[in-house]
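Single chain ahead, by itself, as structure tokens, in the form predicted on its own.
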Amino acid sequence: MKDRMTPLERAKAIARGEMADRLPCNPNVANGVARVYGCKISEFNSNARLIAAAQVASYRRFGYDGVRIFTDLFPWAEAMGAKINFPVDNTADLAAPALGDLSDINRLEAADPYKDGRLPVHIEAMKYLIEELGDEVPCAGGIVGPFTNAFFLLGIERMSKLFFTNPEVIHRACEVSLETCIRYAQAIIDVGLTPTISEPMSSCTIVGPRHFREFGEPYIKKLVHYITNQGNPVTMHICGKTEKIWEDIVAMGIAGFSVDNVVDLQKCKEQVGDRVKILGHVDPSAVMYAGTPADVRAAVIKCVQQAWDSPKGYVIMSGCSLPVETPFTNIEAMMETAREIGYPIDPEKLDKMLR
């Protein structure tokens, strides 16, 4: 089956309540785009054209509904002094936080997105991306939010202890991270893309709601408000369990909420779907990576059954970034199932598709 609309045409039609060919669908291929393009992930780190070219190649192959410049969680912390491991052909990881000695906290400075670390490379990649695809598919620039970035500045284990022993240091790290995020968000907007926020460390699986509300929420909220005040809608992703902070997240004024596969999608729709578009949440590991195309098809149908009628809209999506080695056949199965389901949604057709 082939799409009869571009992603931008589809999004506009659905927003206006008009006919469309299918629901928006985004498998979140992430660094798996390297496998599509035929390059090593490490080559992304210093080559803006390659980042963009790989994203374009993956979009052209699968035809999903959004492309984003985002390689890993650490460019912002790296630009502020953190040390990063760069495997030859896998996603980057944190080697050491920016601060070895907490007494240096007041020396911490916000990054300049046009000068520091890999941030200029990503901004340049955004220019190539929007030039190539801006007329047909929504293009975004990803940001790791200020709370999560603070973990990478202070150290993940150490920050968890600082909640109790030195909260002032956490607030300072969040403040400087927020300034970095705001500068980067403005750079994204200036290029013509839409900022999206990833806040994995805000997960209730990692941080309790009380600490999230004390240390994370105030700074994330300021970032959301900055972006929305520039006239841009914000989509946010948080990994893991998030039920206890749904109301907090939605109250920030985000337009889209991407949820992990461990969340009850129908419950999410029922509780906050009247205020935010919901994106999710096919299991990226057990289904997309380790399952069969038939497993993918069944999972997509079940997600659509649970959330297609969400009042503010629904997007078929993986619950998080796909593993790098996710089979192409499974990504294709996700897209093909979305095309088979079509739009408007017929609940009886969904039931028959599962039989």
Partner chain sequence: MSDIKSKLLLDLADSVVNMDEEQTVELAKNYIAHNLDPYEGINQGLALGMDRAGTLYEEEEYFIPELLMCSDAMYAGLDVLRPHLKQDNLEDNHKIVIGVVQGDTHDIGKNLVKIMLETTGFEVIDLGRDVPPLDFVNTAKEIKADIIALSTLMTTTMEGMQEVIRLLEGENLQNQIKVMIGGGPISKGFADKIGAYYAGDASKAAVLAQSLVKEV
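Please read these numbers as outputs of a predicted model, since none were measured by experiment. Positions refer to the first chain, counted from 1.
Unshown form predicted together with the partner chain; subsequent notes refer to it.
Of the heavy atoms in E325, some are within 4.5 Å of the partner chain in the predicted bound form. Put simply, T205 is close to the partner chain in the predicted bound form: some heavy atom of it is within 4.5 Å. In the predicted bound form, the partner chain lies within 4.5 Å of some heavy atom of A95. Although the partner is absent from this view, Y289 contacts the partner chain in the predicted bound form, with a non-hydrogen atom inside 4.5 angstroms. Checked against the partner chain in the predicted bound form, the residues S321, Q306, S58, N26 give one hit for a heavy atom within 4.5 Å, which is S321.
A heavy atom within 4.5 Å of the partner chain in the predicted bound form is found for one listed residue only; from S285, Q266, N232, Q186, this is S285. Only one of 215-223, 162-170, 111-119, 267-275 lies within 4.5 Å of the partner chain in the predicted bound form by heavy atoms, and it is 162-170. Residues are counted as partner-facing when one of their heavy atoms sits within 4.5 Å of the partner chain in the predicted bound form; in 207-223 these are V207, G208, P209, R210, H211, in sequence order.
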